[in-house]
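Quick heads-up: it's one chain on its own, the form predicted alone, in structure tokens.
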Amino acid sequence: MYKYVLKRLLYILPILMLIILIVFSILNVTPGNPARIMLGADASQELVDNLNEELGLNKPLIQRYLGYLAGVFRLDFGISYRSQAPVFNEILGNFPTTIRLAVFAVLTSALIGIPLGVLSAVRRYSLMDMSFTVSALVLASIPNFWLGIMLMLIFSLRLGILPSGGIGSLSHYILPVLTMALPSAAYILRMTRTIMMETMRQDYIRTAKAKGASPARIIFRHALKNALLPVLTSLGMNFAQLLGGTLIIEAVFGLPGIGSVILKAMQMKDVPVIMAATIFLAVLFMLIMLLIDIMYAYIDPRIKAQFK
């Protein structure tokens, strides 16, 4: 197990270097001059050229990339063009809002999707099953931003029971969390239903029935434990994606998260902030996937045997 974890951690370095190269290249070939954006349209070309020289933007792309990579290895991620502060000050300052959103959304989607998926599989082809399946298909097809706007119109503007945006108390998280969790819960419901139906046809389930095990024991003790493995993977990937994919939701509800930081940085072409946020989220994603693999090993002894 330790050798496996160490090997996976070593894989992070080359993957990260490739990600840095791709994102850095894209940012440097897209239209827009950071110096011009910072100084404004009325600034003289001489001032723009001087600032470009000061920021090192006149150097060849490969030289800038190697210089940035050397700074990353020294844990120096640069200074924000916009705020003139270390880039991680802004990222880490806004990250708690994003991680709260992601954690609440994943927990909500699991608490909704897994029980309903199990119930749908147990009562398969019934009216309840068909209702859950149709509802899941509808929710999975709705764009997040449209769902967020509809929830805002109903619960904030019409009923007036929940705040429409901003941050302050837990009530401010309800609408954005539901916006992110409901489509994900629909996917988890369908996945749990499919895997549970397949698991219930396995030989060991028939053996448990033959031994007189109760339906509840068969479902929760035998079937659900094995069916949860791919569901856990999906929840982990969804959590990792939500950490960097809340940009639209944060914009709709006016939340100060890492998505809003990235959006402002893109508007200002603040390359150091975009690069630091990309590296931060990429490393976080890879560590979360490693954690899921380790959880797999402890849940399923067959997988743990492969790590030895």
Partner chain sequence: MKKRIAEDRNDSQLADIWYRFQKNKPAVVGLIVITLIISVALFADVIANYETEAIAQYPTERLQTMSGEHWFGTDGYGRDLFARIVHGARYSLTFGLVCSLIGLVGGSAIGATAAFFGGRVDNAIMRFIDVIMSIPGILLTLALIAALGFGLKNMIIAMSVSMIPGFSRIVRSQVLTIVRQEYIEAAKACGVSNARIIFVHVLPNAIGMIIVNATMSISGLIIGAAGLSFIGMGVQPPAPEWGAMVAESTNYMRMYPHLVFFPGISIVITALSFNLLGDGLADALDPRMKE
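Numbering follows the first chain given and starts at 1. Here the structure is a predicted model, which is why all the values come from computation and not from measurement.
There is another form of this protein, the form predicted together with its partner chain, and it is not shown here; the text below is about that form.
Among Leu127, Ile161, Ala216, Leu137, the residue placing a heavy atom within 4.5 Å of its partner chain in the predicted complex is Leu137. With the partner omitted here, the residue from Leu229, Met197, Val72, Leu224 that has a non-hydrogen atom within 4.5 angstroms of its partner chain in the predicted complex is Met197. For the three residues Trp146, Leu153 and Val252, a heavy atom within 4.5 Å of its partner chain turns up in the predicted complex in every case. Contact check for Gln267: a heavy atom falls within 4.5 Å of its partner chain in the predicted complex.
Using a 4.5 angstroms limit between non-hydrogen atoms, Tyr296 is distant from its partner chain in the predicted complex.
Within 4.5 Å of some heavy atom of its partner chain in the predicted complex lies at least one heavy atom of Ala282. Within this chain, Leu47 is remote from the site of its partner chain in the predicted complex, having no heavy atom within 4.5 Å.
Only one segment in the set 173-181, 186-194, 72-80, 104-112 has residues whose heavy atoms sit within 4.5 Å of its partner chain in the predicted complex; it is 186-194.
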